[in-house]
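Here's a solo chain for you in structure tokens, the form predicted on its own.
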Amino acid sequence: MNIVTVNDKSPEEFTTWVKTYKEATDIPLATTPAMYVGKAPKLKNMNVISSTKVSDEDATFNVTLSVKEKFKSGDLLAIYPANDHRERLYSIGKVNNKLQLVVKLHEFGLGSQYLHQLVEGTSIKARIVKNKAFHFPSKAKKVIMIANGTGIAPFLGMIDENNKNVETHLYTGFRYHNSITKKYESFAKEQININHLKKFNIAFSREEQKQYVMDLVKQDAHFIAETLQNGGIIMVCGALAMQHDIEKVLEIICQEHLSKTFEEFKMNGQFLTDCY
């Protein structure tokens, strides 16, 4: 049989495969879609504290929720916009003990359209998904964070909670220098003043002097090589394509400055990712 993919946990699409498999093997399997819906996860009420709107200059928006259960920056929020099997996950930032999301609005996006319509004072049903592999490292002496777009969300929370003043450097890439990115710059300045953040590096790909976040990484090649050599941690959040580009740059940096492969540091647990 040919390989078959099932979109969005669709019971209907899975049942189509079941029928084909049943004909090919004579194994009696149920062919009613309802048999494969699965048990609905337990959801909790979360209050909407604030929700911004997109503008002509930026398609991203912020949602802040009040949540009773414990969570950490880097965990995921699972929502079910259509009250069915379709799940959408968003990286969480914990800022001022509130759950904060940074979301890009897509024209036909099931999750982003749902979140963009939220109104202050209402509530939603959702659940927290623990993401222990992407929490702020508790024992690292130095942390480098690299993000683009909405990938900055968990890092805002991690920096805000960096009460042990671990030396932390943030590298980010956006399209435009606008009101949203100016807020990030203001946030970074405040965090630098209280030693939660050491340095903030930002690139803009659609401005006159265009740069990408990988260009910032290349510029600090010696510093990044030194950080890896001394046991520091690199964290990446954002687009999967960006992660691949960053890994290529880090491979070159490791070979040129350390005569090692980047794979050695990955195997050592010094590279944490949450990309999509």
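Start at 1 with the first residue shown and count on from there. What you are looking at is a predicted structure, and each value in this text was computed from that prediction instead of being measured.
This protein has a second form, the form predicted in complex with a small molecule, left out of what is shown; the following refers to that one.
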What I'd like checked is whether 90, 103 and 111 together line the small molecule in the predicted complex, meaning each has a non-hydrogen atom within 4.5 Å of it. yes
Based on heavy atom distances of at most 4.5 Å to the small molecule in the predicted complex, which listed stretch, 121 to 129, 189 to 197, 175 to 183, 95 to 103, is the contact stretch? 95 to 103
Of the options 168, 150, 201, 73, which one has a non-hydrogen atom that comes within 4.5 Å of the small molecule in the predicted complex? 150
